[in-house]
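Only one chain comes next, encoded as structure tokens, the form predicted alone.
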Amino acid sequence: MLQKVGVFEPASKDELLGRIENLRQLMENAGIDYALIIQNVDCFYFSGTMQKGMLVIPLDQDPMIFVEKGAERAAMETPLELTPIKNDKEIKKILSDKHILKGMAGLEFDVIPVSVFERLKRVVGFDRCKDVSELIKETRIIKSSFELAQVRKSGEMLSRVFEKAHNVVQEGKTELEIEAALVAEGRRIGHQGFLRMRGLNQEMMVSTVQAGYTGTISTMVDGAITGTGVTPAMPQGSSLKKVERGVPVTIDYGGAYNGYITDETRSFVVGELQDVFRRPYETARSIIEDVMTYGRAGINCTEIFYRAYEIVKKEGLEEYFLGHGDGKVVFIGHGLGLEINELPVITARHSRILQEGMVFAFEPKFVLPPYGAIGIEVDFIVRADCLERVTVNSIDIVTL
């Protein structure tokens, strides 16, 4: 195996086997005898490669990576043993010979289309199956020291991009011009080029820039500030709207280093910020400062949400918090990792105790039609006695 793949450090064999063992423990408790994993990100998480094929994880035998296309590259990317195949029809005989096709199969029901499921059932030949996707999400929720190192490097990417924004945001520039410069900066320092989001019809831009009313228009994306984009064919993201004096420009940027995603938002303004945005911005900042004082392992995610909401209520800004009208979202935070919508989710109704090693984005934002939107988003690593910031740059609004 190559020691380096490009400029990135691959996960070690012990790292991958540890992840597999964690999943096996959950599978055993759930009555699943073997998992058939085909989704790219899940395959990468457990094997270190996402070349075309299938990862099979039995409870009591070594994992098997079947590679139909890209076997030579897969061998450079993973320290685990590979089984090259010409097509997926070969998998059934190999698994049958190893007596694996007995008992309960686990499949990723949340991402596998029905047609693919039916083909797997026919070609692989399992009799019984249940969903393994929630177990995979639970396995991935606690990041290892290796993963946290990747997250921090992704955070360094974010910090550099936001520093670049100081010189890019100018009156009269379009949202797209600003985005183009910042995406280019990320690519220059190793950004993978896009973000991954789990689920049907889930798509996410690397960066979204809003400069006024475009931040108030809701769309299908599950986010408070989503932008209008330039076409109904991609109804999100930056547009041709130009930066105006006194109107905040929100820049939501997703870093991506070695697969690991970070996601933060900063606000910029040319000239003096209009009064309508001042109190919402200060409220968002107060919420960030509050969570940094008490957030740590052992705190319930619902408590985080309610504390933030109480601050909003005191300021009388509930109508504009986390969106407006049908554009409101129910979460103030979401987990991060290889996908941008991992666990934990920080809402009023999802009870979950924070544990050391979790990583999440925390984003108090306000949408104020017809004027615009403003907010802050900060990423945190959960520690035993605190929340560790992923980035180092200021969360202050930048006046230009």
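Remember, predicted model here, so these are calculated numbers, not experimental data. Each residue number is its position in the shown sequence, starting from 1.
Beyond what is shown, the protein has a form predicted together with a further copy of the same chain; the following relates to that form.
Novice: Go through 149, 317, 180, 123 and name the one with a heavy atom inside 4.5 Å of a further copy of the same chain in the predicted bound form.
Specialist: So the residue touching a further copy of the same chain in the predicted bound form, by this definition, is 180.
Novice: Report the residue, out of 142, 94, 297, 220, that has at least one non-hydrogen atom within 4.5 angstroms of a further copy of the same chain in the predicted bound form.
Specialist: By the 4.5 Å criterion, the partner-contacting residue is 220.
Novice: Is there any non-hydrogen atom of residue 274 lying within 4.5 Å of a further copy of the same chain in the predicted bound form?
Specialist: Because no heavy atom of residue 274 falls inside 4.5 Å of a further copy of the same chain in the predicted bound form, the answer is no.
Novice: Counting only non-hydrogen atoms and a 4.5 angstroms cut-off, does residue 292 reach a further copy of the same chain in the predicted bound form?
Specialist: Outside the cut-off, so no.
Novice: Looking in the predicted bound form, any heavy atom of residue 172 within 4.5 Å of a further copy of the same chain?
Specialist: No, no contact at 4.5 Å.
Novice: Even though the partner isn't displayed, in the predicted bound form is residue 44 close enough to a further copy of the same chain, meaning a heavy atom within 4.5 Å?
Specialist: Looking in the predicted bound form, residue contacts with a further copy of the same chain include residue 44, since a heavy atom lies within 4.5 Å.
Novice: Which single stretch, out of 297-305, 225-233, 262-270, 96-104, brings residue heavy atoms within 4.5 Å of a further copy of the same chain in the predicted bound form?
Specialist: Looking at the partner contacts, the answer comes out as 225-233.
Novice: Output the sequence-ordered list of residues from 184-215 with at least one heavy atom within 4.5 Å of a further copy of the same chain in the predicted bound form.
Specialist: Residues within 4.5 Å: 184, 187, 188, 190, 191, 192, 193, 194, 196, 200, 201, 203, 204, 205, 213, 214.
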